[in-house]
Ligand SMILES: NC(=O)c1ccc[n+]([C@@H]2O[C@H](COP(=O)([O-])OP(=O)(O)OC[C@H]3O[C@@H](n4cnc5c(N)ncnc54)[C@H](OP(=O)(O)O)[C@@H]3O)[C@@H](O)[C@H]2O)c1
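Next up: a single chain in structure tokens, the form predicted alone.
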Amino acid sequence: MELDGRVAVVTGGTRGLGLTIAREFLREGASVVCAARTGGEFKTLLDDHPGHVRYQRADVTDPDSVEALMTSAVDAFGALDVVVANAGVNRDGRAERLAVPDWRVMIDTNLTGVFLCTRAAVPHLRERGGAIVNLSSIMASRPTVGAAGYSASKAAVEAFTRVTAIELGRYSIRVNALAPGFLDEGMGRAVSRNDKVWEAYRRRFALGRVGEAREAARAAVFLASDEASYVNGSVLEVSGGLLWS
């Protein structure tokens, strides 16, 4: 098992891709703290992995809440080895009409949340090294009408990842970003299940399909594991070769 004995925190870990990442970490032998504002589908993990997973209510935009989250992982399982900063939100809107509160919630959650997780995790991770996996998106590098706030926040996550990879390497802390493409949930599911929309997008998918959440989660396992021991400051895109022109 690639993560045997490791302790991980996964933000946004009670639903969607975060839940799938937590499940794959548990299958690989890790103990996991799933953090989110609500419990979501957490009970499915608890039933399958009693004693190795717990839910911690947390708000990634609140510094005190994030500090308490990292401490709770150490208190529950004795250490902290991996942080997956997955919590994120999206608000549609062209820049000219995007509401300021919507802009702020994307920046606060998608970018400041990553910063706060990193800052709170470092004192624990540097005890024995570790890995941080920040969730970006293919939208960080693909200009898309109506995605000004989301794309900007994810592009900033990638820049933040590269800087902190340099800064934290001296502690044997690796920092990488995972950039999923369209997956079989959320926006990706909406694309693939709408015949009219799918016909318009289909030719952009080099593999002819959207990805599975588990395929992106396995990439997160890789980045967190010793198999990626010399991977630092990278953005791993899991998009199936998505074409944008």
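Remember, predicted model here, so these are calculated numbers, not experimental data. One-based numbering along the sequence shown.
Below, we turn to the form predicted in complex with the named molecule, even though it does not appear here.
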- Heavy atoms, 4.5 Å, the named molecule in the predicted bound form: which of 72 to 80, 147 to 155, 123 to 131, 93 to 101 makes the cut? Say which one. 147 to 155
- Contact of Lys43 with the named molecule in the predicted bound form (heavy atom, 4.5 Å): no
- Message: I'd like to know whether Val89 contacts the named molecule in the predicted bound form, with contact meaning heavy atoms within 4.5 angstroms.
- Response: yes
- Query: Any of the heavy atoms of Ser137 lying within 4.5 Å of the named molecule in the predicted bound form?
  - Reply: yes
- Message: I'd like to know whether Leu183 contacts the named molecule in the predicted bound form, with contact meaning heavy atoms within 4.5 angstroms.
- Response: yes
- Query: Which of Arg27, Arg193, Arg209, Arg37 has a heavy atom within 4.5 Å of the named molecule in the predicted bound form?
  - Reply: Arg37
- Triplet Pro63, Asn176 and Asn232 all within 4.5 Å of the named molecule in the predicted bound form via a heavy atom: no
- Who in 1 to 32 is close to the named molecule in the predicted bound form, meaning a heavy atom within 4.5 Å? Gly12, Gly13, Thr14, Arg15, Gly16, Leu17, Gly18
